[in-house]
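First, one chain by itself in structure tokens, the form predicted alone.
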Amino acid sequence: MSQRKFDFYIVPTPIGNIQDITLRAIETLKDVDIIACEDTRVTQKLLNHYDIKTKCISYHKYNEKERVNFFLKELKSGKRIALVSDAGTPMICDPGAVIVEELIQEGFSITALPGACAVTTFLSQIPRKSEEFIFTGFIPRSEKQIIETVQKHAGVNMVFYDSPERILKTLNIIKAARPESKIALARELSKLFEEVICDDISTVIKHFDDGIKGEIVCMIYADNNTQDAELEFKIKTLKAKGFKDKDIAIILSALFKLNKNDIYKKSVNM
């Protein structure tokens, strides 16, 4: 079956198991003229495994802007380019936004291939009562920002990435802010030592008392009773912007159809 030709391809690569790549992805990587990748050494291992000889050029967050003009020149000369990340789907917590925006403005044709992604792989194997979730990317580093993030999204399942070096510290901060939280945590997805645990946050922290290794994907389940917490977060946000209690009551009652007097009393007492 003949395939439509595009100027630029966004190609997912395995998140761990090297066999988790589609036939179309392999064919595309062989067929394009250039592969733009985060780390040429990492990508080369994949290419060698599938006998792909295409030229690799580094494209990462530190050289993203300077590479754009080079890729535009190559595309205008008739060459076709594939973008890959070290693992998973490009543009999901990985570089690519800068070049894609430029290509759209310049009128080049772009397509994204389906494939491996840690978020969907994770969500497809944990129990959830609702399809609704929010993905925040890598969770912030500071304690204040972590607390603000988990309180802001207390009413929805919140999925995030974190490093194995930081995750236990992150979980302890979340526990202090939302002590009754239930979470799901996965490490080493698709690899030999893959592990997924779903339990209350205290149990998960205790489970990893001796440390944790591997790439991390985590979800905090939505709290059952979040209306008060969400309202308090909205009030605090407006207070920080300099709004007075009366104005806060008017704004939030109009936006969320809440009782203005109740909001005012809560705001005054905070």
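All figures in this text were calculated on a predicted structure; none of them were measured in a lab. Note that residue numbering follows the sequence shown and begins at 1.
Below, we turn to the form predicted together with a small molecule, even though it does not appear here.
Using heavy atoms only and a 4.5 Å cut-off, determine which of Ile174, Ile183, Ala116, Leu83 is in contact with the small molecule in the predicted complex. So the residue touching the small molecule in the predicted complex, by this definition, is Ala116.
Checklist entry - Can you pick the one in Glu215, Glu27, Asp33, Glu64 that has a heavy atom within 4.5 Å of the small molecule in the predicted complex? => result Here the answer is residue option Glu215.
(message) Residue-level question: is Thr89 within 4.5 Å of the small molecule in the predicted complex, judged on heavy atoms?
(response) Contact with the small molecule, yes.
Is Lys191 one of the residues lying within 4.5 Å of the small molecule in the predicted complex, judged by heavy atom distances?
Yes - in the predicted complex, heavy atoms of Lys191 and the small molecule come within 4.5 Å of each other.
At 4.5 Å between heavy atoms, is Glu102 in contact with the small molecule in the predicted complex? It does not: once the small molecule is placed as it appears in the predicted complex, Glu102 has no heavy atom within 4.5 Å of it.
Within 4.5 Å, heavy atoms only: does Ile248 come near the small molecule in the predicted complex?
Because no heavy atom of Ile248 falls inside 4.5 Å of the small molecule in the predicted complex, the answer is no.
| Heavy atoms within 4.5 Å of the small molecule in the predicted complex: which of the stretches 103-111, 123-131, 90-98, 146-154 has them? | Heavy atoms within 4.5 Å of the small molecule in the predicted complex occur in 90-98.
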